[in-house]
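The chain below stands alone and is given in structure tokens; this is the form predicted on its own.
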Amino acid sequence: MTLATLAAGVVQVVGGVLGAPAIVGLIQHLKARLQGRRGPSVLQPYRELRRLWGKSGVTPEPHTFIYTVAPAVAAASTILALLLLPIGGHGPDWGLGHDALVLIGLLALARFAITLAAWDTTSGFALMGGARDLMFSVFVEGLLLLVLVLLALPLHSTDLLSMSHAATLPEVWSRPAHWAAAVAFCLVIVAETGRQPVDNPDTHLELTMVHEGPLLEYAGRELAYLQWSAAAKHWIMLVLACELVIPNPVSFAAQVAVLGGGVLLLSVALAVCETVQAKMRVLRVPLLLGSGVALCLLGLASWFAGGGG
């Protein structure tokens, strides 16, 4: 194992497990500042996780083992997804490989576990949020798959390390397919992280919530697992954007520097987006994501019309 691979593994674990809540805190803090409010500290998510970790859980009735194991399944799936991420074009082999399709499957498994728990408790508002999340997932996962297919075309591989290497090639930026993937991936980030205009993570208004709905029946450590998983998904999406979409230098140290700056800039962009854009109606979200699918199909057509590579 080279020094770069070892350093990439450290960033995978430390950044994903410990640094992910800071992204959520930064977005909340910047959004409050842009709206003229003092807002919470960047460290507020850590305080909430510490508070929840010290509290006991709840046992709603009715419930089965599904409700009990769902937070652990969601957290475990998210941790495995973290270990697939390329960091500076490198990543240790944790026995999982680095295939993009495996990453999609792990994210889908985490979503399915949480939604299944909402069905298990038969809570009306949890069911409502879970049903909406499943409806969105049909479009989000399909759009993410199309984006990753476009990004895999230059080197004809769905291996995330190879796809990260493709972002260092100057010729990919002259192809419309890569630009289409970049724009569509912006929609994926907003939808997967549950930010506006798809969802409002700062409200618990029952009639409009989506991602927060299935979490209503949880408390204590189980809720801490789920909140951390939601924060880690921010890290996963932003790292993928920096590694696969934006231009990268060749050297490992420079790529890590670009990764840090890219995550920061994308966090600021999410805060600005939430400030200037109100939450849209639930039934209009599939139309927004469908436009990303159409853009990806146009990019795919342009690739084959141009002779591929």
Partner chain sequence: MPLHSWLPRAHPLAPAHISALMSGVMIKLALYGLVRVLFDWLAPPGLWVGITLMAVGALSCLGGVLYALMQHELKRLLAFHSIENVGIVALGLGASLVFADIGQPRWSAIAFAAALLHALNHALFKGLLFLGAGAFAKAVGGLELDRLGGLLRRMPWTGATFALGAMAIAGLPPLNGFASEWLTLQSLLHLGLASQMGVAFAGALATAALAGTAALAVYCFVKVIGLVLLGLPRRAECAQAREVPVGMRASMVFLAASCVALGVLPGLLVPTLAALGPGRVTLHEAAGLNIPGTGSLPTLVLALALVALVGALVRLARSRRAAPAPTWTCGQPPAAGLQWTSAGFTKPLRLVLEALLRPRRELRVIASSGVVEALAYQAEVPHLFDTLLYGPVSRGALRGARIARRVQSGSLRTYLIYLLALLGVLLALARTGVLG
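Nothing here was measured: the structure is a model prediction, and the numbers come from that model. Residue numbers count along the first chain shown, from 1.
Another form, the form predicted together with its partner chain, is not on view; read the next lines as being about it.
- Of the residues 236, 184, 230, 153, just one reaches its partner chain in the predicted bound form with a heavy atom at 4.5 Å or closer; this is 153.
- Using a 4.5 Å cutoff between non-hydrogen atoms, residue 101 counts as a contact of its partner chain in the predicted bound form.
- Its partner chain in the predicted bound form comes within 4.5 Å of no heavy atom belonging to residue 168.
- Proximity of residue 279 to its partner chain in the predicted bound form: non-hydrogen atoms within 4.5 Å are absent; the residue sits far from the partner.
- In the predicted bound form, its partner chain stays beyond 4.5 Å of every heavy atom belonging to residue 200.
- Per the 4.5 Å heavy atom criterion, its partner chain in the predicted bound form is contacted by stretch 280-288, the sole one of 280-288, 249-257, 263-271, 37-45.
- Taking its partner chain as it sits in the predicted bound form, the stretch 226-249 never comes within 4.5 angstroms of it through any non-hydrogen atom.
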